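A single chain comes next, written as structure tokens; it is the form predicted alone.
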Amino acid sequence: MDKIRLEHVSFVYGDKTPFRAEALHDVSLSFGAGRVTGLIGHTGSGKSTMLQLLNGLEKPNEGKIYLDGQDIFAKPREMRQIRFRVGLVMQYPEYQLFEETVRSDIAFGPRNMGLSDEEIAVRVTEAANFTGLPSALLDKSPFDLSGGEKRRAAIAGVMAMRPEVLVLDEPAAGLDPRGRDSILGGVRAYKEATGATVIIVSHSMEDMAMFCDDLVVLSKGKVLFTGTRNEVFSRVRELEEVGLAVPQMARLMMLLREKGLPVPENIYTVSAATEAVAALFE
């Protein structure tokens, strides 16, 4: 079942000006409920614009966006509720921290939802646990945290609203491998605990291979193709033709198959590749 659906959506920056730029053109696309979908494409392909449309921060010039079958722009006065249901984590969200304590920052969204103090406390603790923030940090100033801890706090602030759809723009950008695994592990834990739909942008194909169920490939504001992770990453040559990388292990397995070695398709991780190659020598 679809959670969010775009129908013939187009979006233009600077329309009717000399700086007119079309970010999305006639995009029709569905995001499955409870699925993790990755958006991949070059800078300028329309990924970040699409995320902002899903949250209602931008409105399409043409087309409609549906959440559970309802046009999200049909009732402008209810847009605030849409943004509670579709939580957006923008790129480098740590720059949006502003409260005196981490606890207050995470509680900001739930408080705006009108929840009781008791419910807010529960949600703050829950969100901190999802993102791996120790309780000892909650009463510190967010500006005393490390970069990775700030990122976790900012993401926790969105999770605390318990959005049905969690939308993330490069959530692990600039982090070391341990920080990246921690952030993405927290997102996965949130998804598994709540059944939320997750939509994520990342330039790391390894992250997409490890984390996503489905992938959408964008280029110049249009959808090139979509499919499950296995279906999309099996199209190595097509991805490379449009200048997109694939997981290194996917490319290695393809080259081995071209050399005549009977290694299976749909291998994207080092551990799976190691098992496949070892099996050839058994």
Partner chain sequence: MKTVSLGQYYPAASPLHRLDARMKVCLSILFIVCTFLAKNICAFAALVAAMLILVALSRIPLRLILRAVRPVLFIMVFTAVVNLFVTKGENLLFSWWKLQIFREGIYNASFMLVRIITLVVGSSLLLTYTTTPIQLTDAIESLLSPLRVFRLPVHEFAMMMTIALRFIPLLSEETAKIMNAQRARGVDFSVGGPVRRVQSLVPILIPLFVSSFRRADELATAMECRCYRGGKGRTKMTIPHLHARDGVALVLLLLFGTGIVLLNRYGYGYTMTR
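Predicted, not measured: the structure shown is a model, and the values here were computed from it. Numbering follows the first chain given and starts at 1.
Below, we turn to the form predicted together with its partner chain, even though it does not appear here.
When its partner chain is considered in the predicted bound form, only one residue from Met161, Ala209, Ile200, Ile72 comes within 4.5 Å through any heavy atom, namely Met161. With the partner removed from view, the residue among Arg83, Arg188, Arg180, Lys140 that has a non-hydrogen atom within 4.5 Å of its partner chain in the predicted bound form turns out to be Arg83. Between 89 to 97, 180 to 188, 122 to 130, 201 to 209, the stretch whose residues reach within 4.5 angstroms of its partner chain in the predicted bound form through a non-hydrogen atom is 89 to 97. A residue is said to contact a partner when one of its heavy atoms sits within 4.5 Å of a partner heavy atom; Pro18 meets this definition for its partner chain in the predicted bound form. Though the partner is left out of this view, Thr37 does not reach within 4.5 Å of its partner chain in the predicted bound form, counting heavy atoms only.
At the 4.5 Å threshold, heavy atoms of Asn112 reach its partner chain in the predicted bound form. Residue contact with its partner chain in the predicted bound form: Gly14 places a heavy atom within 4.5 Å of it. When contacts are defined as a non-hydrogen atom within 4.5 Å, all of Gln52, Leu57 and Asp105 contact its partner chain in the predicted bound form.
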